[in-house]
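One chain is shown next in structure tokens, namely the form predicted on its own.
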């Protein structure tokens, strides 16, 4: 493995670009390859067997690009396949779940927290189990929010129905005295303001992006694989569906336009 090899990351759609944005800031000299499996988004309402198959398709594509580090920038995929990837791949694998848990345990003061995620992520129980192992005294309230991702992927983040959905999904948390909520889907930061308004300004909203970026930097430094070349950052974007739609969504997530999105068939 050479230090100038790229970092690869993937998500079911464009949500993982919130992780990529932090990687770009933390590791400005690294080459990055992003794959959004938009043809099969959302993963969150699929069966575990389908999620595993989709994930392995994405991983196999990125491995063929000779990446030096894999970031699973999807909570749903991480919930079902992360440990398999970490045990079998010849390169380091970072998942958003561990990074999210680290941030959540650092943030909470009362030990009463919420986990907001897709149906599959919540029902897998992985985050709840790992959180309990890490901090047995924390009480977590898990909420599935299945319609958030389709609205975000369609660019409907200002649609009034999103506020109605958020109030519906999060109503039960009003009486649980939580002080923090983990956004356990990389799409959810795009509707952070809506979630904040519903939960209240005193509730800390936790996302894993910067923790993932720091973990990637630490892992590459340990391996001696940090790219030391002083060069313009090189980023490649791939999608399994409409490239123009991906470009428009990516502009929202990254805060700047991207020139080229390459279509692939997994």
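Positions refer to the first chain, counted from 1. On a predicted model such as this, the values are computed, not experimentally measured, just so you know.
Same protein, other form: the form predicted in complex with another copy of the chain, not shown, and the subject of what follows.
Engineer: Counting non-hydrogen atoms within 4.5 angstroms of another copy of the chain in the predicted bound form, say which of 197, 57, 234, 241 makes the cut.
Structural biologist: Looking at 197, 57, 234, 241 one by one, just 241 meets the 4.5 Å heavy-atom criterion.
Engineer: Against another copy of the chain in the predicted bound form, would residue 229 count as a contact residue? Criterion: heavy atoms within 4.5 Å.
Structural biologist: No, no contact at 4.5 Å.
Engineer: Using a 4.5 Å heavy atom cut-off, state whether residue 171 contacts another copy of the chain in the predicted bound form.
Structural biologist: Residue 171: no, not in contact with another copy of the chain in the predicted bound form.
Engineer: Does any heavy atom of residue 156 come within 4.5 Å of a heavy atom of another copy of the chain in the predicted bound form?
Structural biologist: Residue-level check for residue 156: yes, a contact with another copy of the chain.
Engineer: Contact between residue 141 and another copy of the chain in the predicted bound form at 4.5 Å, heavy atoms?
Structural biologist: Because no heavy atom of residue 141 falls inside 4.5 Å of another copy of the chain in the predicted bound form, the answer is no.
Engineer: Only one of these stretches, 36-44, 215-223, 200-208, 60-68, has heavy atoms within 4.5 Å of another copy of the chain in the predicted bound form; which one is it?
Structural biologist: After filtering at 4.5 Å, what remains is 36-44.
Engineer: Within 4.5 Å of another copy of the chain in the predicted bound form, which residues of 142-173 have a heavy atom? Give them in sequence order, or say none.
Structural biologist: Going through 142-173 in order - heavy atoms within 4.5 Å of another copy of the chain in the predicted bound form - the hits are 146, 147, 150, 151, 154, 156, 159, 160, 161, 164, 165, 168, 169.
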